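Starting off, we have a lone chain in the form predicted on its own, written out as structure tokens.
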């Protein structure tokens, strides 16, 4: 029997880690919810955002948390442009073409980063990277606590925007019935691009939250994609609330798996859970059948 002195910190650290996973999954599930495709370029775009946050700090001396304020709009614009002027036109209205285009984008982005920066692993040194906050008997890393608070705020903001703003209502209309939304005067191509931009902006914020304690190389973003896909399936394909709750749950599962099985085997629990969800609850927690 493991003592609560160990279990409580494992639970809290799992929630902190899960929040970051949830933000990656939020971008993925937003895109799936409207475009009904999995964005294979998600990991590559996260890697690009990590490099952007890294060089904003190294070259301009900008703290990653401050960098998020301008990288998020920048990557929203990049995502919007990719969907509106590359993915959309190249797909010719076929979902399978979108899958191939995003896969091609992933290969191009990763190889461009590999060519420009080689395979070297990079990190940055920040004064607060190893600071901790004491909560009871638990010591939580400051960057993880900050990340948790930011992710909760972003999830709440997205929920409010999707529910109460005109753009959010248009996104939900297109996700529910594309043809009906188009007949109602909604610019579907614009909504597709806005949704893709929002998903990409989530990656920019994620990169800024990760960079204080995470390494960077041209394949770094791929480590999060399989986990994010697991979260999307667990929470329900296209469900924002499901992605948030699923991310927290996956973080806790990984933490406890690492506690009982060892650090190197921590992610086994995630993929066992993924298989079980597909077998017994393919609709996830809140979404439609995956």
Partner chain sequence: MPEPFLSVSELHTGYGVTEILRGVSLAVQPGEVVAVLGSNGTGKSTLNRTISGVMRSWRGAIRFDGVPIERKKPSDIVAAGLIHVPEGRRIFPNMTVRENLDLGAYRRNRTRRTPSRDRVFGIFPRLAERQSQQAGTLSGGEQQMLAIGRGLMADPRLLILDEPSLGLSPLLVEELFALIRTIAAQGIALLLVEQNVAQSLEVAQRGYVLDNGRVVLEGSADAIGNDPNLKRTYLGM
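Being a predicted model, the structure only gives us computed values, none of them experimental. Numbering follows the first chain given and starts at 1.
This next part talks about the form predicted together with the partner chain, which is not shown.
- With the partner chain omitted here, the record of contacts in the model of the complex names 164-172 of 198-206, 145-153, 164-172, 74-82, defined by a heavy atom within 4.5 Å.
- When you look in the model of the complex, the only residue of 193, 216, 124, 181 with a non-hydrogen atom within 4.5 Å of the partner chain is 181.
- The partner chain in the model of the complex comes within 4.5 Å of a heavy atom belonging to residue 186.
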